[in-house]
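Presented as structure tokens, the chain that follows is alone, the form predicted on its own.
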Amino acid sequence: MMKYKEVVKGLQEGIERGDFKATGQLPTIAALCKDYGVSKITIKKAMDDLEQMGLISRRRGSGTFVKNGAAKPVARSGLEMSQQMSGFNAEHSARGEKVESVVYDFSVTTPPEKVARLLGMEPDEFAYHICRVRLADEVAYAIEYTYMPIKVIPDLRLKHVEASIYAYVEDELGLKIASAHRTVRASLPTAEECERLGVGQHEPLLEVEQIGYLDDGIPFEFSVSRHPHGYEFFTISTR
């Protein structure tokens, strides 16, 4: 086995065992070089692999952090990385399209147990719940169901939900959105989704379940978006 693969295997197993605390910092490159008896180049190559596997995030000047939820390994698909974390608004506005959001729910709630766990929340903590349809040039591209922890994304308002939540997170809160774990599947629409998206009841939707992370490895978003026929999904994103 190549040296860097040994490092990847050792750190991955350590993360999955819980040797390294979720959102906690990994040892320094110098410390890892000493532990594994390898060069800095070997450690950096191993870090590249762990980052692409969705187990860690690197923050310039601060170090390398274990992602919350990293104990559940994320399979590498061989797909290329992209800049998809820019968000729906930025993506379609860049094409010169008119972007709109129809908001059906914007409320505060305690999320379901699974969602709370994935977001690193206590059972009695509150999150925003958002349901909205995203349109570009008056065409519905997606219906989104989103949870965001209030402690991570404070003071979110309807004007942000109607425009771009990601722009609020980065431009107003000064946080950096770094990456996402995504699961893609097909699903049939509900009667409500048929009406809101203008699709037939037997027309499959492309469903994307996503956990979004900031650059320090803290999860800030759990969302499920459902897309009508014609939507193209290219990669699992990291930037």
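Here the rigid core means the biggest group of C-alpha atoms that line up within 1.5 Å when the two forms are laid on top of each other. Note that residue numbering begins at 1 and tracks the sequence as displayed. Quick caveat, the model's predicted, so the values are computed rather than measured.
There is also a form predicted in complex with the DNA; it is not shown, and the following applies to it.
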Subject >> Contact residue in the predicted bound form, chosen from Cys194, Met53, Val38, Ile177 - any heavy atom within 4.5 Å of the DNA >> reply: Val38
Original post:
Does the DNA come within 4.5 Å of a heavy atom in each of Thr28, Lys44 and Arg59 in the predicted bound form?
Top reply: yes
Original post:
Does the 4.5 Å heavy atom contact test between Thr64 and the DNA in the predicted bound form come out positive?
Top reply: yes
Original post:
Taking the rigid core as the frame, does Thr190 move its C-alpha by 2 Å or more between this form and the one not shown?
Top reply: no
